[in-house]
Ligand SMILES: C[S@@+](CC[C@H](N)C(=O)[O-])C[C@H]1O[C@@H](n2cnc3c(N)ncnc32)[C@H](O)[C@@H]1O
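Okay, here we've got a single chain as structure tokens, the form predicted alone, with questions on binding and movement later.
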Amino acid sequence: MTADGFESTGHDDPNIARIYDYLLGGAHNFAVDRDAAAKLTQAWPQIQQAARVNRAFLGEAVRYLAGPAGIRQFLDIGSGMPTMGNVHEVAYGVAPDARVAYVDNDPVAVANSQILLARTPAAVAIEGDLHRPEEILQHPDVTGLLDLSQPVGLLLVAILHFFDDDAHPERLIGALRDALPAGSYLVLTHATGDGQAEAVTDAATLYRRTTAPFRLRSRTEVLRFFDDCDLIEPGVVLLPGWADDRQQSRTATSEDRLPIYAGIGRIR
């Protein structure tokens, strides 16, 4: 356990959750993760900006769901290490009666989240794997907090690009989507190589040396994840820009966009 009360680990391999935490400016990471992040940054200097823009979109999405969409319960799969701008903090700022279930397959990330949430009764963190969605949906801590017969905000932010095609991520999303009632929402972001420089592909290659694969996908491929959903305007767009495009302020120009697609869909 570290000096701040969080769990540590003796793992020798860089971990995607801890790398992401480091890129966001968090403290729950190790030398091996920082070394991997340095190599990623060298290959693609924008990666830290991309991580922070991705996190900002998560906040935008949660505020939209808890506000205009009227969602009061959230299932965040691939939630990673506890860091700034957690879903429950953002949701409570809009709807104090919101409930949040965090899911991650990294036991250290889950342990740290549980410590963070120890005095937060309307939020839980469980160990679970998107490869086995039925186990997540049937977990007693999830079913004890969330009413899955009522609309849910399903958050799959920066996780699907860690699934190769042979893992059939569209089927995994379908299993989750089919288990949730109409009026639920799907929020996701996904890395892409569309129109990007070789640096992005190089960074993806380096990511494959961590604890997960890495698969860049095109906009057409990302759109397939929203089958049986009605996309919320402005649809699937490159970040930053989702909120700007939605408000038609368009402060993010095409030159400012990063290789991350983002979108929100209302499940039919």
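Only a predicted model underlies this, so the values are computations on that prediction, with no experimental measurement involved. Residue numbers run from 1 along the displayed sequence.
The same protein also has a form predicted together with the ligand, omitted here; what follows describes it.
Proximity of P133 to the ligand in the predicted complex, heavy atoms at 4.5 Å: Result no; P133 lies far from the ligand in the predicted complex.
4.5 angstroms heavy atom contact with the ligand in the predicted complex for Q114: Close contact is absent here: in the predicted complex, Q114 is far from the ligand, nothing within 4.5 Å, heavy atoms only.
The ligand contact in the predicted complex: D194, any heavy atom under 4.5 Å: Close contact is absent here: in the predicted complex, D194 is far from the ligand, nothing within 4.5 Å, heavy atoms only.
Partner contact for Y22 in the predicted complex: the ligand, 4.5 angstroms, heavy atom: So Y22 does not count as contacting the ligand.
Which of 91 to 99, 173 to 181, 140 to 148, 104 to 112 lines the interface with the ligand in the predicted complex (heavy atom within 4.5 Å): Among the candidates, contact is made by 104 to 112.
Members of 155 to 176 lying within 4.5 angstroms of the ligand, judged by heavy atom, in the predicted complex: Those in contact are V157, A158, I159, F162, F163.
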